[in-house]
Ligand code: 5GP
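A lone chain, given as structure tokens: the form predicted on its own.
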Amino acid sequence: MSDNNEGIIVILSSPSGAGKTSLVKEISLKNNYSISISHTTRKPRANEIDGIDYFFINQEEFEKLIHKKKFLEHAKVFSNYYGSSKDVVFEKLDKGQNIIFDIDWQGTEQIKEKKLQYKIITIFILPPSRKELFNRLLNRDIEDEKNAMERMKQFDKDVVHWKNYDLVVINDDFNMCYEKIIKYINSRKNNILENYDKKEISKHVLELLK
């Protein structure tokens, strides 16, 4: 049971290209959520800034932090490491700040397994179609067709984890998707349980996998 004065943890996950990072930024901006900034060994994209988008470090530094058990969660995705600093997250939560995570299903499972005292809300984002997902991946600054194809192959493995999340939303309209997420978070904060149409989502996932 979490203390009412403590912050809550909101986790957004999705296959690469489904739009979770944009949603995380919008939720943070409009609702005063603190984004958990991950450490990563990935090279920064053209529009990314160290300390704002990620903490960019090399693999040796990352592995030292793993050894020192500094991460609340960490995972290897597309040959690069990603991890969330335990000390920074707990300090903010204990001060009453709500934290929002932009992490994959591996990190989400690690956080859930720790059975933390804080309230945790998990949300999975799906793209409207396989074609739209591929187009979004191609439109990224440094992505080329080879990288997009690699992520499409990973998509089939990642998308099946939607069943382990509290809410699953199809990101076919950004504003509507955002509103659904905020409505759900506010309900859960007030201990109101809201269900979503799992049959509809299951049908959509099957279409995405074709």
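The first residue of the sequence shown is number 1, and the count goes up from there. For clarity, every value in this text was computed on a predicted model and none was experimentally measured.
There is also a form predicted in complex with ligand 5GP; it is not shown, and the following applies to it.
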(message) Using a 4.5 Å heavy atom cut-off, which of 71-79, 87-95, 127-135, 113-121 contacts ligand 5GP in the model of the complex?
(response) 71-79
(request) Flag Asn171 as yes or no: does it have a non-hydrogen atom within 4.5 angstroms of any non-hydrogen atom of ligand 5GP in the model of the complex? (result) no
(message) Whether Arg45 contacts ligand 5GP in the model of the complex should be assessed with a 4.5 Å heavy atom distance threshold; does it?
(response) yes
(request) Answer yes if any heavy atom of Ile100 is within 4.5 Å of a heavy atom of ligand 5GP in the model of the complex; otherwise answer no. (result) no
(message) My question is simply whether Phe55 lines the interface with ligand 5GP in the model of the complex - judged by any non-hydrogen atom within 4.5 Å.
(response) no
(request) At a 4.5 angstroms cut-off on non-hydrogen atoms, which residues of 8-32 are near ligand 5GP in the model of the complex? List them in order. (result) Ser14, Ser16, Lys20
